[in-house]
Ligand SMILES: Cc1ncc(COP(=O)(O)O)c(C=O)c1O
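Okay, here we've got a single chain as structure tokens, the form predicted alone, with questions on binding and movement later.
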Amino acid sequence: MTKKTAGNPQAISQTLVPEYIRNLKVYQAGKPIDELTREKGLTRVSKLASNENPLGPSPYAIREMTNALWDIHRYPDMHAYALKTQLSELYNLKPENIALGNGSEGIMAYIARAFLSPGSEVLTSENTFIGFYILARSVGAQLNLVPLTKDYRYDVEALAKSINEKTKIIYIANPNNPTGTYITKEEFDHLMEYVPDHVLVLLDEAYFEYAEEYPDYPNSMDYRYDNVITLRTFSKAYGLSGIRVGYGFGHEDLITNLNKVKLPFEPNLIAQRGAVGALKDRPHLERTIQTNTKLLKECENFLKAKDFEPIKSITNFITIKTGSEEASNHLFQALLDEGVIIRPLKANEMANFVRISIGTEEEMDHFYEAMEKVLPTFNDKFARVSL
């Protein structure tokens, strides 16, 4: 018997890995604080790149997670009874209508696995959440993308006209990341008139808590369509990004099929307990929204005073046009030197834009101070293109 020699790793990869996987681009998260501190030796760093809650989690959530540490030798409740009960009471649903996962992206992955296959067509917009693009392509689905409107919103009319017999899922981030814009109740009603029953509408409402106060925002819980799945998360307004817990609502038949492809014991024990605690502390959530509303307006006014025209946002971030990819990179790097982390948007096919998350008052003051330092050089070097 001839001894086998080492193979060619590249050839092995091409044989084993489907082309649609090989062509994927890895998701890039916002630059971590520790990484910037190590690179530049800074003592003051403000991360305004990942749309996190700068106030942190509720003390109730911290208490629940701390108490849960004594039980980590046990598997978590596979059915997440306590968390599903809380969500059922809050949204007047049955537990059978609720899906849980490691962040809303975890549930997106289960949706892709359960309902999509190579050749399936997914309809969505350009310049939306790139995490969904990656998940859809990871199962070989084809993306049919329509451009945003001139004011950087989902083009509902174009989406309706693009539905065809191959369409299996329509993905809508509402509000949209990274633009912060939203479709209205009237627009959502119009779109649903054109959606066949066999097409699944996936509503990603990660920023729901920031948007629900707007009277024309279409809270999907007011509709309860059988072919709509709503996704929400504890990572944003609830301040629990680090434990990764998201939830989704849908018809019992859809949720049952999601559970067939779902990993057992997810979310983990700490995540389940933390989410339960967060839901008990409504005042903390209200403080979060009030603080964000105030600081979002202040940031918008500052950027306008510096001759930027922010895209109108109803979330906890603001996106601005810089004029070019080179200008975006320059502003990003210049602010890094000052200890401020923002988000360039090349991965979203918006290379001439950057996104700024809303932080604490101290973090926003740091951002304003840094901008005052870097803008003279930026303005000398780059001609601004208005929105």
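The model shown is predicted, which means the values in this text are computed figures rather than measured ones. Numbering starts at 1 and follows the sequence shown.
Beyond what is shown, the protein has a form predicted together with the named molecule; the following relates to that form.
Think of it this way: in the model of the complex, the named molecule has a heavy atom of just one of Ser220, Thr124, Asn177, Asn292 within 4.5 Å, and the residue is Asn177.
Of the residues given (Phe188, Tyr238, Tyr171, Tyr133), Tyr171 alone sits with a heavy atom within 4.5 Å of the named molecule in the model of the complex.
Only one listed stretch (251-259, 105-113, 272-280, 69-77) carries heavy atoms within 4.5 Å of the named molecule in the model of the complex, and that stretch is 105-113. By the criterion of a heavy atom within 4.5 Å, Ala206 is counted among the residues contacting the named molecule in the model of the complex. Remark: Thr315 does not count among the residues lining the named molecule in the model of the complex, judged by a heavy atom distance of 4.5 Å or less. At a distance threshold of 4.5 angstroms between non-hydrogen atoms, Phe129 is in contact with the named molecule in the model of the complex. At the 4.5 Å threshold, heavy atoms of Arg244 reach the named molecule in the model of the complex.
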